[in-house]
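As structure tokens, one chain now follows by itself in the form predicted alone.
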Amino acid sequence: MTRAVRYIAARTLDTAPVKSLPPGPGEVEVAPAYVGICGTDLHIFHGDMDARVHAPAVLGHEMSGRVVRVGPDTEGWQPGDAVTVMPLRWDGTCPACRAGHRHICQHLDFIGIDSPGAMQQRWTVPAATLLRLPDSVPLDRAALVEPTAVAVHDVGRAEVRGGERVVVVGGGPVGLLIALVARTVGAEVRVVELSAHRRLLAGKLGLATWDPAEQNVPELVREWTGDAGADVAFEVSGAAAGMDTAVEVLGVRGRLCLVAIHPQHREVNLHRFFWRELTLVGARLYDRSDFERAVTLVADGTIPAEQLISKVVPLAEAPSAFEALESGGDVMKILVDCTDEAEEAAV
């Protein structure tokens, strides 16, 4: 048995023993060290994904850890290896897979949503999902590889180029990671965020910010760009007002990259899309090259992961950590420490 954080019903989590499955052929058992709580996890917590998540469900997909056991006919891994997991299983046969888009397989198993996730002390996964971590990277920082891979994919989908003006609407963890990754390709970036705490952190990371409650963001963009408008906008807030801002700031033939999950239908200014010949692209997950790039960015310090981690809690305190994130407050990224030692200390 292994202890895990489980989704039971809307706004109800527990920590309980669950059966630990030994690794079969092509599988590896991992001891998760740190697991991040992300926006998707909060959507699950709110009950927004009950049609897809079947309770009781073990949560978590942003992780780092070490290999514990290797299943039969599984090569290249041994106990003690530091790893992260790209939590995707595709069928390889659907039209999306056959077209080369396996990461958005039409029958995708997103591990941690559609099947048991990483927020447990032992976790058996396909060896094909593993990526090796450099020994020099602390495992707490390595837990941010997955959201960094999201940002790498988003910046790639938007085709951001050096010298372009980029507006990121929403300065949460993924928004700041998008801003940092866009900066690595030479873009000029502004972050739009309501939270003073998040704007302060963005400033410490060298990112310029605007407060949409106190400032006229479209007017600021016009001044910044000489009335041209932004080349790219990322909508990462998940709010109707955020979508409006992302559309409004774009210049002629600007690209809007939709990153946030919008559970409700949104009204969008389609006349603006027509008048300025705008482009809307969706960005959902990532592929292996995005993950490999993310490992490098975290490992070499380009992504200052340690500055994005607000708090680390033992597994037993994970339910209260979800409540803390839900309430807003001065937090960015909370990690759950799944190690046996952390659990023993909590008890």
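Fair warning: this is a prediction, and the values are worked out from it, not measured in the lab. Numbers follow the displayed sequence, beginning with 1.
Form predicted in complex with a small molecule: not shown, discussed below.
> Do residue 39 and the small molecule share at least one heavy atom pair within 4.5 Å in the predicted bound form?
Yes, residue 39 lies within 4.5 Å of the small molecule in the predicted bound form.
> Considering only heavy atoms, tell me if residue 111 and the small molecule come within 4.5 Å of each other in the predicted bound form.
Contact with the small molecule, no.
> Test of understanding: in the predicted bound form, would residue 284 fall inside 4.5 Å of the small molecule by heavy atoms?
Flag for residue 284 set to yes.
> Do residue 311 and the small molecule come within 4.5 Å of each other in the predicted bound form, heavy atoms counted?
Flag for residue 311 set to no.
> Only one of 218, 71, 212, 138 has a non-hydrogen atom within 4.5 angstroms of the small molecule in the predicted bound form; which is it?
That would be 212.
> Name the residue from 179, 192, 144, 232 that puts a heavy atom within 4.5 Å of the small molecule in the predicted bound form.
Contact with the small molecule in the predicted bound form is made by 192 alone.
> At 4.5 Å between heavy atoms, only one of the stretches 90 to 98, 223 to 231, 237 to 245, 116 to 124 reaches the small molecule in the predicted bound form; which one is it?
Going by heavy atoms within 4.5 Å, the stretch is 237 to 245.
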